[in-house]
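Presented as structure tokens, the chain that follows is alone, the form predicted alone.
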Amino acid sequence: MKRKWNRLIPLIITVGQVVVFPYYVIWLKGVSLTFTLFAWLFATHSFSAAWGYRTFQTKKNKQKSHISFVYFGMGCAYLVVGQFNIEMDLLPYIALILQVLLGFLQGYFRAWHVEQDSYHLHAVNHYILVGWIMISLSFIKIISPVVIISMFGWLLCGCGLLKMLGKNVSN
């Protein structure tokens, strides 16, 4: 028996990634010293996402995906972003590592999500939820982007924990 929240976690993750993306861009722009570096960091993210997508697609046993670890990995990456709000010389290098990690994990997650039975229903609900959440966030003026990124990191870690608990209950 599958729990309803266990089936909704991928929808929460996809909506959250889209909602947090503008705040992440603000952080990444602050880390980048030039527009060229900003563009290279985004290119790195795209190439890593393609690598993650391809990694999942070439798996022989797609049922054993370890998706809860993907949630934890993305959550930890966003939490690290939330912690590094100070200027320092190593920050562009940390951002590069985070871009590779987030890109790979997001590509892997996307490939896994497409294979799920609920994906088509999630695609429709995704657009509706993103629209409502973005309208709601447009009225909030006092929350820092770092707070929103950190909250999403905690949400991802919580989803990883729920997924792990759901897997243990079903076994």
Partner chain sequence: MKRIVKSPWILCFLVLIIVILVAFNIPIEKRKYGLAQSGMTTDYTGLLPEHVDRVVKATNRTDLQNIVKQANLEGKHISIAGLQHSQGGHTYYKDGIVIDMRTFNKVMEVNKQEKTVRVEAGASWEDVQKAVQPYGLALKVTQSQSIFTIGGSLSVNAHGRDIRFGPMADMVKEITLLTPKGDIKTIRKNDALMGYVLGGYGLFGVILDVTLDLTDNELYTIHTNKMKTSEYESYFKDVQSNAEIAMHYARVSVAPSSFLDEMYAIDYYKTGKYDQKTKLKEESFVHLTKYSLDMGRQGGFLEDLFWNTQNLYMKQIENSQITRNNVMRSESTFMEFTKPGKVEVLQEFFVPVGEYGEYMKDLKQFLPANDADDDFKIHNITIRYAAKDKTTSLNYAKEDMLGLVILIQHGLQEDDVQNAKKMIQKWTDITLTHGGTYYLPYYPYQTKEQFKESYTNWKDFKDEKQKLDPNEVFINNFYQNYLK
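Numbering follows the first chain given and starts at 1. A quick note: this is a predicted structure, and the numbers were derived from the prediction, not measured.
Not on display, but discussed next: the form predicted together with the partner chain.
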4.5 Å heavy atom contact with the partner chain in the predicted bound form for all of F72, L105 and H126: no
132-140, 27-35, 107-115, 62-70: which one contacts the partner chain in the predicted bound form at 4.5 Å, heavy atom to heavy atom? 27-35
Residue-level question: is L121 within 4.5 Å of the partner chain in the predicted bound form, judged on heavy atoms? no
Spell out, yes or no, whether the shortest heavy atom distance between L96 and the partner chain in the predicted bound form is within 4.5 Å. yes
Can V100 be called a contact residue for the partner chain in the predicted bound form at 4.5 Å between heavy atoms? yes
How about T55 - does it come within 4.5 Å of the partner chain in the predicted bound form, if we only consider non-hydrogen atoms? yes
If we check the partner chain in the predicted bound form, which of the residues in 148-162 reach within 4.5 angstroms of it by a non-hydrogen atom? none
